[in-house]
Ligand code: ASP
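First, one chain by itself: the form predicted on its own, in structure tokens.
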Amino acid sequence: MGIIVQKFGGTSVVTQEARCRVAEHVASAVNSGKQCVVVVSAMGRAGDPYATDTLINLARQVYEDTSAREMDLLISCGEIISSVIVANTLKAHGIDSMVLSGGQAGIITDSNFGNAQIIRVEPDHLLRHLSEGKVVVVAGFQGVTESGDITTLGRGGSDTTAAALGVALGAEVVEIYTDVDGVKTADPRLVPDASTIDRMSYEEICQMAHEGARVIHPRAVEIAMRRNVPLRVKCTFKESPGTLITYSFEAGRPWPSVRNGRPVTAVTHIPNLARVKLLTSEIPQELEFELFRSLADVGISVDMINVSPEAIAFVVSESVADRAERTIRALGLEVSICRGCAKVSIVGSGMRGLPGVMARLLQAMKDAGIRVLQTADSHVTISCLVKIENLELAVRALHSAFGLDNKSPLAEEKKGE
């Protein structure tokens, strides 16, 4: 009997109506002869009574500097509450179920409270309950240290829980249920006609997550990829096949160089960035290393790094731009900060080694009247920095230029084939 892991996010468990839909998905898996593990997030989002952010704010109202260890103990309660309520919902639908915390499910972590890393999973306790015919509901987002302290896995940690359990149990698939019907070619809030991608590679979805897409946490993808456990992103609230994520687009078929004639799979974005620029001629060579080390020492992560004989430029979150400026000036260096920026990226395995992708991107930006401030690239991504006021226009322009909507010339060409 195969094992399936189903993960349900906060919007999927926040109301009784939503939880009944969860029960329907679980029942479908059970009725198809699968052993089922259900991983749940805390109910709702900020402002809802048991959401993670609500619990964090509750602690800070009393004392601002709650220790990371005690904060983890508090916010783990959101998933515990959600697990019991979901298990009760399953029982009300005639499904025999029981609840395990992350630690009881065997998730052992380091002691990096707030963003713990999973060391290993010991699933024997969980497997025993599965063998008894029960659906096991596991509190996501949490684990336990070797010494017994409760830890949390960071934002998106329930995805990580589901992937780790999927790998440890040798699951046939890990299903990630959300409020959208799969991974989209762009954020539908910016591109209303964004379509659902039917198949993706681990590499693509991981890059999308790193570049701003919030459908699934990249750490979860990396864990699933180690053992080639398929992931499927589905919608809790309607029937659809969703998006299948594996090593290849289609099992048993050769890897295509460009899927459906399209080198790009999706367009992603990250808003609220600032560009930092220093003239290289004004930086003593020995200070170049000191520059990046000083930023790291104050907890500032840099992106889109461009070092040339003329200048050093990189991007930071706008929230830390003032701190970055103070840190750099403390070294005696002059710096210019361009605030109000956004990073827009195209992602796709099909662009690997394909000439002309950058040219098409820049042409699309030129045709839309958008100035590109800086670019960066990898084998499967090309990113450009633009002003925040051009973000939506840039996403739409690239979505159309690379044939991801039904109105683009490329899409029309495919229809005529």
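Sequential numbering from 1, following the sequence displayed. Note that the structure is predicted; figures quoted are calculated from it, not measured.
Missing here is the form predicted together with the named molecule; even so, the following discussion is about that form.
The partner is not drawn, yet in the predicted bound form one stretch among 41 to 49, 356 to 364, 64 to 72, 383 to 391 has residues with heavy atoms inside 4.5 Å of the named molecule: 41 to 49. In the predicted bound form, none of the heavy atoms of residue 125 sits within 4.5 Å of a heavy atom of the named molecule. Looking at residue 265, you'd find every heavy atom of it more than 4.5 angstroms from the named molecule in the predicted bound form. For the chain shown alone, residue 82 is not a contact residue for the named molecule in the predicted bound form, no non-hydrogen atom being within 4.5 angstroms. At the 4.5 Å threshold, heavy atoms of residue 242 stay clear of the named molecule in the predicted bound form, well away from it. Contact with the named molecule in the predicted bound form, judged by any heavy atom within 4.5 Å, is made by just one of 329, 226, 339, 155: 155. Residue 141 is the only one in 109 to 147 with at least one heavy atom within 4.5 Å of the named molecule in the predicted bound form.
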